[in-house]
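Just the one chain here, the form predicted on its own, laid out as structure tokens.
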Amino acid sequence: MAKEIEKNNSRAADEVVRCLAAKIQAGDYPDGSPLPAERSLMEEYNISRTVVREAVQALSRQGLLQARPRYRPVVRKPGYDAAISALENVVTHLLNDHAGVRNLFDTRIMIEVSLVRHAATHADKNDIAALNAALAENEAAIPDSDLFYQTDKAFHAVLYDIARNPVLPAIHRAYATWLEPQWSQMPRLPERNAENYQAHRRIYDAILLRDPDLAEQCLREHLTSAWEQVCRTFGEKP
């Protein structure tokens, strides 16, 4: 009997998920608006609180809702960030072991290699100015490791912006979120910050020279060194 009830609840939740997802995509529930209260959903769909909560969890996994304890879920407009956020549970599982972190980091290298090559051949004066400004903030933050980490992310974010593809900034934000638990456990060392800043400087200079091969080489050296820093921190083999 318990299994039958659970099965029926799952079917009901699936139907509610389809209905709510359709309303979100149609704009009936605008981006940033709270989802109707549990009681309202229970009455509208003639379902239990358990089914409502199961449907909310499913929509959250799809990136269509942002759910927090003790707050009403908030609607998220379907988009690249929402689509990538839907992968969070899978990625979190992958990050439970060293090989999973390495695989994720390797995909970042592959993407950023393409980005620096593109920047070296296509960056305009505004892109160069944005990179230069990010680099200057990165240098100024060397003594402050927490601030340096933020400016490090900002420098790489500019590379993702240059391609003018809205998917790429969403990917960068996802990488920053997924990998932050590893970076946050690393020792805060100004000398390491200075080393990473110099790596950013070499990438910038290669882009300024319009040399995609050199830009790729500098990027690979930088991220390879960054990975070695992670491995030393956690006592892992590169």
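Just so we're on the same page, rigid core means the largest C-alpha set that superposes within 1.5 Å between forms. So that there is no doubt, residue numbering starts at 1 and follows the sequence shown. Only a predicted model underlies this, so the values are computations on that prediction, with no experimental measurement involved.
Keep in mind that the form predicted together with the DNA is missing from the display, and what follows is about it.
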{"property": "Residue among Arg188, Arg201, Arg39, Arg210 with a heavy atom within 4.5 Å of the DNA in the predicted complex", "result": "Arg39"}
{"property": "Touches the DNA in the predicted complex: Leu65 (any heavy atom, 4.5 Å)", "result": "no"}
{"property": "Contact flag, Ala12 vs the DNA in the predicted complex, heavy atom cut 4.5 Å", "result": "yes"}
{"property": "4.5 Å heavy atom contact, Lys77 and the DNA in the predicted complex", "result": "no"}
{"property": "Partner contact for Ser48 in the predicted complex: the DNA, 4.5 angstroms, heavy atom", "result": "yes"}
{"property": "Proximity to the DNA in the predicted complex (heavy atom, within 4.5 Å), stretch among 157-165, 68-76, 109-117, 142-150", "result": "68-76"}
{"property": "Rigid core superposed: Ala226 CA moves 2 Å or more between the shown form and the other one", "result": "no"}
{"property": "Per-residue C-alpha change between the shown form and the other one, Arg72, threshold 2 Å, rigid core fit", "result": "yes"}
{"property": "Core-aligned CA displacement of Arg61 at least 2 Å between the shown form and the other one", "result": "yes"}
